[in-house]
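Given as structure tokens, the chain that follows is alone and in the form predicted alone.
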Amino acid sequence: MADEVVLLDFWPSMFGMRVRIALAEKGIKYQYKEEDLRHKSELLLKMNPVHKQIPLLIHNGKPVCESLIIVQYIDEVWNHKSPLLPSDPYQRAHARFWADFVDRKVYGVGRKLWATKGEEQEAAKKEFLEIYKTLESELGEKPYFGGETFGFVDLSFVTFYSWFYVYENFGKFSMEAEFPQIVAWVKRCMQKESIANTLPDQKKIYEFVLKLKKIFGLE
């Protein structure tokens, strides 16, 4: 019996993009269902009653929630190709640490850059630059965060690239000038079809954010 895989997602979500890249890396066919987050579907509410959030993977009728957990699930279930987590326990723990760092630090401070003004925005910009410097230091001279091959930390972080134009415009800085190694790493990642075909155009994300600001009165 063939696997039935359904993904409930929202196109600008950097968390949903992680799952789409993981599925592409593994060559898994799936049904994509776009969610309207202001009017969530019955399926989403039924399958993820705790958080009621996307992305949500439904595999043979069973839900898996939270993007990093979904990616690890995909890596374990479809382990025939393109491993995302290293086999060595210590390296695996190290990768999980940095993916968790991205989850805890990168999204929130990026949102503050476009959703706040004045002193709060300036504080967010300072924190943003510090967080990205930390990530750039961890990357170092390596081609990818885990070494020579694309892996779990890369997948966790690269989806934020689609939001770089937003960060630059509202933060008034250049990502390439501030973080040349990260931008070089992103360009390396973008050579992979799974990533290039998944990440939306940065200008499209920027237009989406302008609409969001209008909806929430953040102009």
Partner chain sequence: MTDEVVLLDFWPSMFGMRVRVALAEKGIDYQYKEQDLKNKNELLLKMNPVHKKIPVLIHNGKPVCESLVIVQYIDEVWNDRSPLLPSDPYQRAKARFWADFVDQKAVYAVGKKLFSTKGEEQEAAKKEFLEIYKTLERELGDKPYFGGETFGFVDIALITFYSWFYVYETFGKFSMETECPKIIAWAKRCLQKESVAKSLPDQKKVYELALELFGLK
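Just so we're clear, the structure is a prediction, and the values are computed from it rather than from any experiment. Numbering follows the first chain given and starts at 1.
Another form, the form predicted in complex with the partner chain, is not on view; read the next lines as being about it.
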Using a 4.5 Å heavy atom cut-off, which stretch among 86 to 94, 109 to 117, 122 to 130, 142 to 150 contacts the partner chain in the predicted bound form? 86 to 94
Which of 186, 64, 44, 166 has a heavy atom within 4.5 Å of the partner chain in the predicted bound form? 64
Taking the partner chain as it sits in the predicted bound form, is residue 80 near enough to touch it, meaning that at least one heavy atom pair lies within 4.5 angstroms? no
Report yes if any heavy atom of residue 136 sits within 4.5 Å of a heavy atom of the partner chain in the predicted bound form; otherwise report no. no
Is residue 172 close enough to touch the partner chain in the predicted bound form, meaning at least one heavy atom pair within 4.5 Å? no
Using heavy atoms and a 4.5 Å limit, would one call residue 69 a contact residue for the partner chain in the predicted bound form? yes
Since the partner isn't included here, can you check whether the partner chain sits close to all of 178, 206 and 213 in the predicted bound form (heavy atom within 4.5 Å for each)? no
Of 98 to 128, which residues get within 4.5 Å of the partner chain in the predicted bound form if you count heavy atoms? 98, 100, 101, 104, 105
